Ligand code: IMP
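To begin, one chain is listed below as structure tokens, in the form predicted on its own.
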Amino acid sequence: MRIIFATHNKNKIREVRQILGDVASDIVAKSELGIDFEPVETGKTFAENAELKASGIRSYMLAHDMLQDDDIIMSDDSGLCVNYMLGMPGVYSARYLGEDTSYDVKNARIIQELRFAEGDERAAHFACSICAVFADGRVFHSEGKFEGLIAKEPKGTNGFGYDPILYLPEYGRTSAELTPEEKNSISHRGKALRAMRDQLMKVLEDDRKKGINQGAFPEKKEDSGLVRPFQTILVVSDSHHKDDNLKDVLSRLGMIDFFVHLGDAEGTEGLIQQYAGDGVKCFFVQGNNDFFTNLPRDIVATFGKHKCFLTHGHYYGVNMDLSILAEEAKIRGCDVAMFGHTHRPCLKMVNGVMCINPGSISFPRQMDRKPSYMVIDISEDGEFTYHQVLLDKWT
């Protein structure tokens, strides 16, 4: 078994090897494999950013035929959270006041922000989230915290970043005044790594008891003899920042060629694209709850022999009827209209336009309240076959 940790930091990989040596004998930094790909960190939490990085490296390795059957790809994301500053700088710790701004300036600014704070008002902590992505697509998370108070002046030279301003009352020193051995024993990353070690050892033991072959991940399954469609589209909508069902569907569905999200992802588009994989062409449109995105309102795309109008639908009155949507699709030369917004599955011909709604994969509203999605198989001659799929349970 091999662990690939998404880092270039030699000190970090040394700590990972010390703590996770019981899980895998082969632990390497991604740089040691010649991987210089850096997934974009668009997450709103440490956990999301850690998963973006780990999933992105997995997708990269898969696309470049580097992924081994029993690989585990891991990444971490960490930062300083100051209570008085409502958790800031948090996930923006490295970018706080600008990526090129020195930590001397950043630390001075935080101390200035807390100039009127006293006692527990100065509470802060370093947080670390670690994500492990198995070759078969399973995802696991762990977290660790390193708590203290914001010092009134920076002290110490042993640390880096924000270490000089996190004061630890039980030690009477800042993090930057601890020895490396002291810090490693109580650090946020050390705690997260030890929690991940315990979790992985349990998962791997459970796998052995169940006879699960971790190497049998979907992309490596042997040919079952079934004839695969010429191409496949996965269509979803209205995930609303809750992606567990979507992750599960993508893991189980195996190879797809196109992924369409019809709005209200609520900021997780980058993460979803990582789940889909490098070889999948993804389309996202803006929903009525996608407030701070630059996603297009509508997209016209051709799949097979069909020209498709992709939209969330709230601008076209889809809660009332589909005639306006169908008319807009016809104006744009489309014979298929894909929409979301209603959270209800739909497959209906309206004025010569096939109107489809996959329903909501996270928050269904139809009578049976089952999350749903749609798979469209494209034959070699470009024709569509629609498969509306309902999930038995929420996740």
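Only a predicted model underlies this, so the values are computations on that prediction, with no experimental measurement involved. The first residue of the shown sequence is 1; numbering continues from there.
Keep in mind that the form predicted in complex with the named molecule is missing from the display, and what follows is about it.
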| item | value |
| --- | --- |
| Sole residue of G79, P154, G144, G137 within 4.5 Å of the named molecule in the predicted complex, by heavy atom | G79 |
| Residue (of F259, Y316, F309, F126) lying close to the named molecule in the predicted complex, criterion heavy atoms within 4.5 Å | F126 |
| Contact stretch among 113-121, 269-277, 155-163, 234-242 - heavy atom within 4.5 Å of the named molecule in the predicted complex | 155-163 |
| Site check S93, Y103 and R189: each within 4.5 Å of the named molecule in the predicted complex by heavy atom | yes |
| is_contact(K12, the named molecule) in the predicted complex, heavy atom dist at most 4.5 Å | yes |
